[in-house]
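Presented below, as structure tokens, is a lone chain in the form predicted on its own.
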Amino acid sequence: MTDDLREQVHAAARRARVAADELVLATRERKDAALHEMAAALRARAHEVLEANAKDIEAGRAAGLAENLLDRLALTQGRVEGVAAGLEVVAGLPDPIGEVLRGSILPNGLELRQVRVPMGVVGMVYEARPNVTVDAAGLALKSGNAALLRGSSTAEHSNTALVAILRDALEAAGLPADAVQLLPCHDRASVTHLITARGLVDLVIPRGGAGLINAVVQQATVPTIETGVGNCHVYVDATADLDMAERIVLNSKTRRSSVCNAAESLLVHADIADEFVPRVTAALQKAEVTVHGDDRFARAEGVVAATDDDWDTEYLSLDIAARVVGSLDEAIAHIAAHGSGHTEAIVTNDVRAARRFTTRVDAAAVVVNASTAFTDGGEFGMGAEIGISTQKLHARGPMGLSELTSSKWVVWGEGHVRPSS
């Protein structure tokens, strides 16, 4: 069975390579037309997607899936419209392929250009969220890549319906259907076969919980971009506007608690703690958030005493860890010790504090006086995102079209030969 599954995954990768070779030659006009065709097909066949998603939701509830995971899994008419609109936004973005990154003419007359090129075959391993299926397919297509999608079994029906629609749309647009393929999801070995298919797959991007990401990063022999784990902090500084701070904390935590840009930790400067801690605790509790607090926060009724583990926890639920810090530098030190390098926010009216925070905090996104929820490819003008990279090599932060490209040097000569040394 394992050998059969390996061959199944590798055969899909070989088909993807053929498709990627064709996409290299596709003009922006053809790719954009295909993206619009995909968006139209999703709208026209939304009922198929919603019926399939209902089966996944029913199975998830029967299996005892947590409410935050069910929220990640759920599709609505509005969410289907959202991913379709995202494809149209991607179609409207400049094509990264062929962009000249730098160039020059050497003293000997050789012309040099470094240009963007597709990665080739990109594998995605992700959990629950079927919207990722569409986002990944659209971004891969526009950047000239073929996508191998390995979703979770919890979203099997949804992903199957979505990929069938996308493949039909690609064929209707005159592009290879194998530019988007769904891999088997019931055996974890399919992940292993994908992430070790060196030579067949050019890049793997895991998107999900810490367990999934760590497993892929540690086991992969294919180049991998680490994404997604978000122990994000909001730090409320001594000079913060408290009305603004409350709005930002609530939006960062409660807008959608199951996503990686949701705030998981709150830090409050000691100078404003007497006024702000009771206020923000009451506001969070009114929003049904459980506060896991230090001694200062734990004075309020209903606050759970925080443990050492709370400072490192990505809850993905209506929970937040909270503590009072004595200074900006103590807040920065706490973030350095417990943050995941995703998104960190400061609320302050002190420009010097903001500059120090943005300079010293090491994260993919550092936010001043705004919600952590804005760290998102769509909000950053990318149309969609393939994930949010928390590593430092090649790509960092929301990953859009350019992050799915590599580069090559194109050298033009006129019979140039290099002299003997």
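Quick note: we count residues from 1 along the sequence shown, nothing fancier. Since we're looking at a predicted model, the values are computed, not measured.
Separately, the form predicted in complex with another copy of the chain exists; it is not shown, and the next lines address it.
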Using heavy atoms only and a 4.5 Å cut-off, determine which of R43, K55, K392, R61 is in contact with another copy of the chain in the model of the complex.
-> K392
Check each of A172, A189, V304, V217 and return the one that places a heavy atom within 4.5 angstroms of another copy of the chain in the model of the complex.
-> V217
Considering only heavy atoms, tell me if R396 and another copy of the chain come within 4.5 Å of each other in the model of the complex.
-> yes
Might N131 be said to contact another copy of the chain in the model of the complex, defining contact as any heavy atom within 4.5 Å?
-> no
Partner proximity in the model of the complex: S258 to another copy of the chain, non-hydrogen atom cutoff 4.5 Å = no
Would you check, heavy atoms only and a 4.5 Å threshold, whether I225 touches another copy of the chain in the model of the complex?
-> yes
Would you point out which of 356-364, 63-71, 29-37, 43-51 contains residues with a non-hydrogen atom within 4.5 Å of another copy of the chain in the model of the complex?
-> 356-364
At a 4.5 angstroms cut-off on non-hydrogen atoms, which residues of 103-131 are near another copy of the chain in the model of the complex? List them in order.
-> L106, N108, L110, L112, V117, M119, G120
